[in-house]
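Okay, here we've got a single chain as structure tokens, the form predicted alone, with questions on binding and movement later.
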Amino acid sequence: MWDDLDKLGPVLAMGGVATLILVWGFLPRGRIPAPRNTALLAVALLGPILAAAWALSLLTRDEAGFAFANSMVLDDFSYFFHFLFAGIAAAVLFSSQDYGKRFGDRQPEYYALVLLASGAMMLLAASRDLILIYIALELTSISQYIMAALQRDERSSEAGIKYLLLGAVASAVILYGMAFLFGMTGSTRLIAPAGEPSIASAIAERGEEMRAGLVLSVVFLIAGFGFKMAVVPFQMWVPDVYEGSPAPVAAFLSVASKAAGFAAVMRIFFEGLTDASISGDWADIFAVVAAVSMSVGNVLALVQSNIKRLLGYSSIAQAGNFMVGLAAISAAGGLEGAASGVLFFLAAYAFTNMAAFVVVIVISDRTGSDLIADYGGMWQRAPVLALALTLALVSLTGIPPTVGFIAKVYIFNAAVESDLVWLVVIAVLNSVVSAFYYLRIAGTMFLAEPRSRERIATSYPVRLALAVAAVGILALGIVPSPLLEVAQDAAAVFAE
């Protein structure tokens, strides 16, 4: 029991700090001071710090293994996402310090929801049981539905309602897929120790007999998780929710929510459904979805005038790049190579997109506008922000020496080795298209006349978040081997 709780420690740390913040926020005012922005930020940061410290402690004590009756596992894949989600949560909290004042007396709820959602994502990445995966997924989703509507104006409320309704449909579709899978295999465990029933062992024994049902289940699961990963044709919620949500929430959705969706998909498909009787079918579906997502996301991003909507469509295109890795499993040893490619890309995307959104959060807060035209002359009003955003856009395009370039080369190489040359050609063409709208923003900032001469100041926490993201983009672009090794170690669990 205590050993299981120890393995759940990082999740409990996030939940414990979130509960502390909520209790503090609801306590009657008297001798206890009301929560202030800076104090709330300091307490909230304890969540990711404690979670990362606990995960590091588990790693150094070599506490890997199953927990809670084999429904959860602590392995290198779990550790990777524990640290990734802790880092994303810290970056979002840092970048929210100024914007968070807009939430008024709802600030404690905002900080608590970021921690609760991040903790649920850690649990999702460590789950090896369909029931636990679904519970963690819903904990994540419900927190995000509330966050999207937290500003309580017309646009934010609309974003929250749209996200809730479409998210509920996606959850039902996932549940259908899981129910089919359980009905055919008789187990909710993806894999289990030798001698115990699991989905993987049932498919290995009777995969050909139940292939039609398995394909139906796979279609339901891809459709449901396609919503969470924001890929075509399940992307319709993205631009409206990104535009209507508070800027820090849009940043959280674009990075953390997407990473959580891919973590769950990799667990389910790379562990439970890797048998040759079904893996070729879902790899083909992922390849087609990847090609369509990249093309549709980039074409629609070209005509956007609102930067949050543009980054929303851009995230759809980037999700297509991730899916290139999911499709690239057919080469010898391809499963491990494809998985490490997706993990490296997710980490690179976290640094890059967080840098872009931190700048958008600050400019949106200061100017009250999300229009790209209002970024004109930003080089003169906020040179540090303009340089940071340009660096992020260059990385999103995939131009050296940024980490975005290495991520694309790595994942495209995995696809070529899996004979998916046609998919790589489409991906490269889409990268060229994306350069038009990414570099158009940079050109606006440096070449257009500013609409105001007012300087845009940034707080120290925001500068720190930007500095970490910018250093990560450049350092990992020049020396990618440390992150590559971590990603390869995490992906090695799928080859065991």
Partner chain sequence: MLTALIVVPLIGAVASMALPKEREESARWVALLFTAIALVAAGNVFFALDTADAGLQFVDRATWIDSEVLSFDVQYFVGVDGLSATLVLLTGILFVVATLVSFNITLRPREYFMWLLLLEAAVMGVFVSQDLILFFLFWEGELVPMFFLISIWGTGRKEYSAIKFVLYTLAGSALMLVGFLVLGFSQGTFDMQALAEADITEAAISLHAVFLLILAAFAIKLPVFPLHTWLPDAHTDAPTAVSVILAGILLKMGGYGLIRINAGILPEQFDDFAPYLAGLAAVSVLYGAVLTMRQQDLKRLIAYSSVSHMGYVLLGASALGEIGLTGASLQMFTHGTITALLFVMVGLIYDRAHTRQIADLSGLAHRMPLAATFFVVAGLASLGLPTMSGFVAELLVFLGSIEAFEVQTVLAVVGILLSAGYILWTVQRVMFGPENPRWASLPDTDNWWEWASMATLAALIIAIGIYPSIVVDTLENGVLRTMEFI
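Positions refer to the first chain, counted from 1. Computed from a predicted model, the values in this text were never measured in an experiment.
Keep in mind the form predicted together with its partner chain is missing from the figure; the text below concerns it.
Think of it this way: in the predicted complex, its partner chain has a heavy atom of just one of V416, V303, I131, A276 within 4.5 Å, and the residue is V416. Of the listed positions (Y99, Y176, Y410, W237), a single one reaches within 4.5 angstroms of its partner chain by any non-hydrogen atom in the predicted complex, namely Y410. Contact with its partner chain in the predicted complex, defined as any heavy atom within 4.5 Å, is confined among 337 to 345, 279 to 287, 99 to 107, 151 to 159 to 337 to 345. Although the partner is absent here, G443 sits close enough that one of its heavy atoms falls within 4.5 Å of its partner chain in the predicted complex. Shown alone here, G472 lies farther than 4.5 Å from its partner chain in the predicted complex, counting heavy atoms only.
Put simply, F405 is close to its partner chain in the predicted complex: some heavy atom of it is within 4.5 Å. Residue contact with its partner chain in the predicted complex: P400 places a heavy atom within 4.5 Å of it. In sequence order, W379, T390, V394 are the residues of 379 to 396 having a heavy atom within 4.5 Å of its partner chain in the predicted complex; the partner itself is omitted from this view.
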